[in-house]
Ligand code: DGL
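What follows is a single chain, given as structure tokens, in the form predicted on its own.
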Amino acid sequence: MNKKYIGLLDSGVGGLSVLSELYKLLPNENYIYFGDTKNVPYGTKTPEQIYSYTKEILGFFATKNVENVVIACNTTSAVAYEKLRETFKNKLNIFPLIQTAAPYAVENLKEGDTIAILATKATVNSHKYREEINKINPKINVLEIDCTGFVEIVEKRLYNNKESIELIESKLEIVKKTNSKKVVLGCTHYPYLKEIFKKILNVEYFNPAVYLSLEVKNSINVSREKKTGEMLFYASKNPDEFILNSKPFFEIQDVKLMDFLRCN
């Protein structure tokens, strides 16, 4: 296989929001996307479990001529990136989501402002967003909100479900009460919900995928090919469901089942 690929991984379809942004900037690159639908959601898993799953996915990427890997998952970036980087040093160049996007998130914020992070339980418990933001400006207030259930809304397409709307309203009410100046979509599934968010609370929503994609573009050797690149999609379970769930970002025709991951 002579083609070089950019690999993206997530627990499901959320990372397609990152692929969508990457494709806008780098349409001539070749991509391999892996959605670990067998173990979704990652946000309720332990750091050890998440590292175990993603180590196997990166090992799979290494067999597919992948040079650059984009962790299109906030939870993985929060709890497993450092260990993955060490495991695959000199083999894969890895771009983490949180660590890359955090400096952009604090732009135009001043001392005393509050930034809200909507994220999975695992990301919130890691406090990785707070850590990265406070490295840049320790005088910004970081509000971390556990949004357990949001991933399931996307993966099960429960957008119009009454309970879904009530759950989203309850989380955004916390944001409203704290007068947050900016809200970080701290899980790559959450851009699927952005229009719902905006109807409930009209504030600035920050999508880390946009800025991660810029960093990738500026850091890799871009293909000189003029033609549109190839996209390959893999899922560890229910590839047909993956295709249905992906529609807000991609019209995917074929997803290969690649079930080598444990579920625990």
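From 1 onward, residues are counted along the sequence shown. Keep in mind that this is a model prediction, so the values were computed, not measured.
The protein also exists as the form predicted in complex with D-glutamic acid (DGL); that form is not presented, and the subsequent description refers to it.
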Original post:
in the predicted bound form, do 153, 164 and 193 all put a heavy atom within 4.5 Å of D-glutamic acid (DGL)?
Top reply: no
Original post:
Of 115, 187, 80, 102, which one comes within 4.5 Å of D-glutamic acid (DGL) in the predicted bound form, counting heavy atoms only?
Top reply: 187
**OP:** Just give me the single entry in 58, 40, 32, 216 that has a non-hydrogen atom within 4.5 angstroms of D-glutamic acid (DGL) in the predicted bound form.
**Re:** 40
Subject >> Candidate stretches 67-75, 86-94, 164-172, 105-113 - the one whose heavy atoms come within 4.5 Å of D-glutamic acid (DGL) in the predicted bound form >> reply: 67-75
